[in-house]
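So this first bit is one chain, no partners, the form predicted alone, shown in structure tokens.
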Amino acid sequence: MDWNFIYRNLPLFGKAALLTVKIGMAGIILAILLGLICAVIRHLRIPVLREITSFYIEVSRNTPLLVQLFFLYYGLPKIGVPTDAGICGMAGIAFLGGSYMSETFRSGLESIESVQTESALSLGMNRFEAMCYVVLPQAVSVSVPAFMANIIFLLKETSVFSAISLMDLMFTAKDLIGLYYKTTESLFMLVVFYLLILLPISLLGSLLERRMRYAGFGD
């Protein structure tokens, strides 16, 4: 193990990790919003929109992120739509993640008994208020374990960003291997930086789940 090589290239991996987290988290935030909207549409069985969201979820979940990124980055310019690698990476994570988040939120919504909505309506709330203030908070708390698992999954999926020339962690590792043939050192730094990104999120998810369980949410 060449520790001098590792020390010299730590800033390079740090920069790549920052890019990975920045684009990945931006895409995840969009995925959460998209997933929540789709879940509510399917839960309320809104005509037409329900069919559209179901079609989107099936397409998104049954195609690899790499194919989606290729379509965004290489396909859109063919029809005159300008693209940017960072925006494509963000959009790819949002498109893939939205379907997984939608199923997570939908399972949470379906776990809440209809009596909760009926009670809110009997207190004078309309359906929108009942959804926002009564049903959704409980559904989100129930969905926390799957929600955090989806975030970790999507951050790991950023490893394919290198296919569209983004200087993420994987691109940096492959670049150093190609230049210096330091495979062991490069892969070691790749693993370490992914652990530095993902372990805190995993621990945060476990802590959040325990706090909600002790507070009585989702019972």
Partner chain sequence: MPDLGISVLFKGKNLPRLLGGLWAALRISLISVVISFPLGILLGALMTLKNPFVKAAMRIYLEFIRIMPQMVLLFLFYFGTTRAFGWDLTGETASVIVFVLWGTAEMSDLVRGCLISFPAHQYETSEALGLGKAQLYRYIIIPQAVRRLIPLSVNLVTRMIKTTSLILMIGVVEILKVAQQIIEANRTASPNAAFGVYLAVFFLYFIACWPISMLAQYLERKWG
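Computed from a prediction, not measured in an experiment: that's the story for all the values here. Residue numbers count along the first chain shown, from 1.
FYI, the form predicted in complex with the partner chain isn't displayed, but the following is about it.
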**Q.** 4.5 Å heavy atom contact, residue 86 to the partner chain in the model of the complex
**A.** no
Q) Though only this chain appears here, would residue 150 touch the partner chain in the model of the complex if you measure heavy atom gaps against 4.5 Å? A) no
Q.
Although the partner isn't part of this model, could you tell me whether residue 50 comes within 4.5 Å of the partner chain in the model of the complex, counting any heavy atom of the residue?
A. no
Q) Would residue 145 sit within 4.5 Å of the partner chain in the model of the complex, counting heavy atoms only? A) no
(Q) Where, within 58 to 83, is there a heavy atom within 4.5 Å of the partner chain in the model of the complex? Residue list please. (A) 58, 59, 61, 62, 63, 64, 66, 67, 68, 70, 71, 74, 75, 76, 78, 79
